[in-house]
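Shown next as structure tokens: one chain only, the form predicted on its own.
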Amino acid sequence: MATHSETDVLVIGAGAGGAAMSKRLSDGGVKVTCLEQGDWLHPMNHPHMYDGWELERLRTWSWHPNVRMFPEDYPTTGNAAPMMMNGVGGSTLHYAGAWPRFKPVDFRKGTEHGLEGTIDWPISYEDLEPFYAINDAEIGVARRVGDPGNPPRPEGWGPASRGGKVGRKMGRGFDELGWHWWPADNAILTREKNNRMACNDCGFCLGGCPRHAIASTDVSYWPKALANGVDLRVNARVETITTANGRATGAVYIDRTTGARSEVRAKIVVLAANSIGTPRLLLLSAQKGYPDGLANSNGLVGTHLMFHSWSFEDYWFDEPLEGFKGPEPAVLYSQEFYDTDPSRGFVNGFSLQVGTALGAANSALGTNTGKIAPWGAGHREFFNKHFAHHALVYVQGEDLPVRTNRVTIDPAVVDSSGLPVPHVHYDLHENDRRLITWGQERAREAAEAAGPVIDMATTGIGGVGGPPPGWHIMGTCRMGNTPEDSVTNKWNQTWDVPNLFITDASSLTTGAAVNPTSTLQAVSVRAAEYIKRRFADITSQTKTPSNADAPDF
């Protein structure tokens, strides 16, 4: 080994969970080193700044690493396309900043229906709520308080983003039907915070925000973590997590710029490499005493992968809605059908999220559902009728955590450092198929109530008729109640290796019917506070951790 260094806590991954963990630990004076296999992304290099940004988001800046193929990426094999990013900020570098919370019912789905391996979370919404609030304050959430369909939330840093004509149009449709709806929470500044400017409604949030209004962790958490003294090492691809005497001792990483290997030794290791990268690294870390990979004595590492079930519904109206203006994520949501109703023929529920459109090229190329403008004669007539007359409704369903939906290792394919890549398998469960079909009907009902609708199109079940788009990668190392039903306890501490923690979306026990980033970061903040309070105990612990003997705050 060329070099080695020592730290109190080693964090692997500089994305949503790793950034929150690094900052919160260093607030308490803990010495932290973070390893990130990507690099910093300059704001001017985001696809937002390209003249042909609507095309670049499909090619050079594709959300799927198999298309993008940057050297810091690793490809995946299998039947699903997880959409993820490597770099300081992780996948928050290309998210839109949607910021809903899970609801109290989401933490007890094992009790509610118990299907297909579903278990209750080992914590409740009430346990997590204080950490939601801490995280909201860190990122600067835009919010309108008072939603009658959710528990009370604190005031946002700024007011909710403006819904524009699209929001007003679809809001009238929900009102006509007597359905719940509310302006969406977003991690987008509507007033300045620190050195970040407020949103100027320029659109295309998924292409990166040159104003730093979107709370990607490179501009929200990391400046504070670095000011605290966190040692962030970029282009550092972890090869294996090391152990001795039943405890993690650190990690060996490859410097992608030189190829040299180095070791970081740590008293505690925190893995936050996303729901594909985390199980991959645990499985690649098979060693003496852990023949099937770390934290995997029960065979659950990589299992219960969730993506959400989806359908994208495009509607065009007879009046201009100017959806290309304003922030890109949902401007409002309806959770009228969020809770399980067995009479519908399925368990779980869904959110209807009302979104906006992109620019002229996107409109001509089919918007979200392939409604492509004809080439030649008729193009101008089609374009004039469709551009800026559009509203998007996402049907976002909670998919079941099925054990056979999973991440394994494919030794036949390697990344740019020669490490085997993850194989991703996902099949949409029949329950989730029925849920989305029913949700499509409700989306159309809402649009027609808002109407008149002059045209409509849908992506179909699962987004394209197969596995749903892997925007929201969850599960694979879930927290639970016993060493038999999960990978970690309620403090994100692995059952098998007591000083190894997992704090990304892989730890989410169920996926709910909302975007997961707010929840995974709240979980990471909670785990960080636990590590600070119990640091001496954790660093000397050799027995299997227990939920019962870990005191609540």
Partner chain sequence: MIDVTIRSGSKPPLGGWLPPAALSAPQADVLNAIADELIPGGEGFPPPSGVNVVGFIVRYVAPSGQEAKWYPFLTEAEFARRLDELGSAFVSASSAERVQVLIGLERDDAEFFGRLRDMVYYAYYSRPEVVAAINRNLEAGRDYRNSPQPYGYTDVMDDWDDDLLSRVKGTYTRTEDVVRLPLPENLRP
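Residue numbers count along the first chain shown, from 1. For the two forms, the rigid core is made up of the largest set of C-alpha atoms that agree within 1.5 Å on superposition. Predicted, not measured: the structure shown is a model, and the values here were computed from it.
Another form exists, predicted together with the partner chain; not displayed. Remarks below refer to it.
A.B. asks: Evaluate G171 for contact with the partner chain in the model of the complex, applying a 4.5 angstroms cut-off between non-hydrogen atoms, and reply yes or no.
C.D. replies: Result yes; G171 sits at the interface with the partner chain in the model of the complex.
A.B. asks: In the model of the complex, does N296 come within 4.5 Å of the partner chain, counting heavy atoms only?
C.D. replies: No, N296 stays farther than 4.5 Å from the partner chain in the model of the complex.
A.B. asks: Report whether the minimum heavy atom distance between W63 and the partner chain in the model of the complex is within 4.5 Å.
C.D. replies: No, W63 sits far enough from the partner chain in the model of the complex that none of its heavy atoms falls within 4.5 Å.
A.B. asks: Flag N200 as yes or no: does it have a non-hydrogen atom within 4.5 angstroms of any non-hydrogen atom of the partner chain in the model of the complex?
C.D. replies: So N200 counts as contacting the partner chain.
A.B. asks: Taking 4.5 Å between heavy atoms as the contact cutoff, choose which of P411, G259, P452, P148 touches the partner chain in the model of the complex.
C.D. replies: Checked against the cut-off, the match is P148.
A.B. asks: Just give me the single entry in G156, P183, P75, P420 that has a non-hydrogen atom within 4.5 angstroms of the partner chain in the model of the complex.
C.D. replies: It is P183.
A.B. asks: In the model of the complex, which of 133-141, 444-452, 93-101, 320-328 comes within 4.5 Å of the partner chain (heavy atoms)?
C.D. replies: Partner-contacting stretch among the options: 320-328.
A.B. asks: Where, within 55-76, is there a heavy atom within 4.5 Å of the partner chain in the model of the complex? Residue list please.
C.D. replies: L55, E56, L58, R59, T60, W61, V67, R68, M69, F70, P71, E72, in sequence order.
A.B. asks: Given a superposition on the rigid core, I'd like a yes or no on whether P65 shifts its C-alpha by 2 Å or more between this form and the one not shown.
C.D. replies: No, shifts by less than 2 Å.
A.B. asks: If you line up the core, does W40 shift 2 angstroms or more at its C-alpha between this form and the one not shown?
C.D. replies: The answer is no, as the C-alpha of W40 shifts between this form and the one not shown by less than 2 Å after core alignment.
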